[in-house]
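In structure tokens, one chain follows: the form predicted alone.
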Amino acid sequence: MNEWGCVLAYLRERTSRESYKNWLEPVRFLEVDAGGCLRLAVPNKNAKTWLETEYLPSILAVSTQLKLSFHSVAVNVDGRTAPPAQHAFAFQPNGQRFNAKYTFDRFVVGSCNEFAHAAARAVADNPANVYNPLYLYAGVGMGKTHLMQAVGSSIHARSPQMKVIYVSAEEFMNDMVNSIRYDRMRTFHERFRTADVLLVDDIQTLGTRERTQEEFFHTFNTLHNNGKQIIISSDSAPNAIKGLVERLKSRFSWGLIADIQPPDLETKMAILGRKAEEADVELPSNVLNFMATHFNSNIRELEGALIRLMAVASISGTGITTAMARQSLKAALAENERTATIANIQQVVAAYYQLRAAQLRERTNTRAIAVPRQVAMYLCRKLTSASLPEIGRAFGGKHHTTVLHAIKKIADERRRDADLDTRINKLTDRFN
């Protein structure tokens, strides 16, 4: 697999099927030259402009994340390259925007996501009659978009006559802005308010955007009153979205709110095993364990690490071993371990107090565990964007009031206790 192949493998999972087929698949890899420039060929000037405008930042970001060897991109026009299909607009009803890989069959279920998965399955089997709206929330790269698209594609496959619309909240807003600009609000209303199923991804981007929230509020009401299914995803619970108006928070709570937690070790190993199997790559169990143990942040970064590992193995012609994985992913591992996530903070705090991270999640209030747990909760609140309920769930299902008490207690004590303040500063420095 060459460098462009690594980029394609990464972007394929994060781009709509139509966009990938239209704009990325026709691109031809030429070389990575001695100066670290990735050279690509496209069929015409329009394709060149579109690739450079829409995808160049993503391509460079993938190179940085996967530690590839190029740091710039040059796009040449070459008439021998197959031309892309006509550009598809953001609005594509009836299943055209769903990624073929985002299905229920390819979703790895574990204890971290089984409730959200079961709820999504129920909605897909009986839209508008079970949970309406269904509100899914999770951190970045935890699988909420996969579940959203699985629901939409499942409904479309079963009932192709139904009007299924999948958009991001950003696309909803941009479409609304353009409709206002060109006096097409009637078309906008007909487009969204006649849907049988409306799926809106990353609703948190509407926070503080009052005009868009107003429009979405009326769209929501129309659909819900007409017995149509609404599915929403976000990076946090409704009450934790800054700037979201109360009436939308209330309506999002009418149905079912389901969260997805960071994957446990077994789930991460299962995900890696599934991805390796799909790529027809043999991944020894000790390598699976090594990668699942050392990548705690999210599934997306875990998959990125696997893509890099497979690329190194393909280019070097060597088999994948733990030693090879440790060397190939050294930079990514160092960066990952410094990322302030709840899982990483638990690991660092537990090691500092000579405990296992799992002990911080146990239902015990012995001082030897309670104090480190409170310190870890305090750091999670200080160093991450996680809400109090999210932190509580990550520490064995603690109530958010317990988390708030721990945070206030540590904040008060570190002002009086110089030793505790020094310890917390040392722990904080691990993530800076």
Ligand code: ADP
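Everything numeric here is computed off the predicted structure, so don't read it as measured data. In this text, residue numbers run from 1 along the sequence as written.
Note that the form predicted in complex with the named molecule isn't included here; everything after this is about it.
The stretch from 340 to 348, 183 to 191, 121 to 129, 269 to 277 that comes within 4.5 Å of the named molecule in the predicted bound form, counting heavy atoms only, is 269 to 277. When contacts are judged by a 4.5 Å heavy atom cut-off, N113 counts as touching the named molecule in the predicted bound form.
At least one heavy atom of E303 is located within 4.5 Å of the named molecule in the predicted bound form. Although the partner is absent from this view, H156 stays clear of the named molecule in the predicted bound form, with no non-hydrogen atom inside 4.5 angstroms. For the chain shown alone, V108 is a contact residue for the named molecule in the predicted bound form, at least one non-hydrogen atom being within 4.5 angstroms. Though the named molecule is absent from this view, in the predicted bound form it lies within 4.5 Å of a heavy atom of just one residue from P238, G139, P133, G207, which is G139. Contact with the named molecule in the predicted bound form, defined as a heavy atom within 4.5 Å, holds for exactly one of I299, L360, I203, L199, namely I299.
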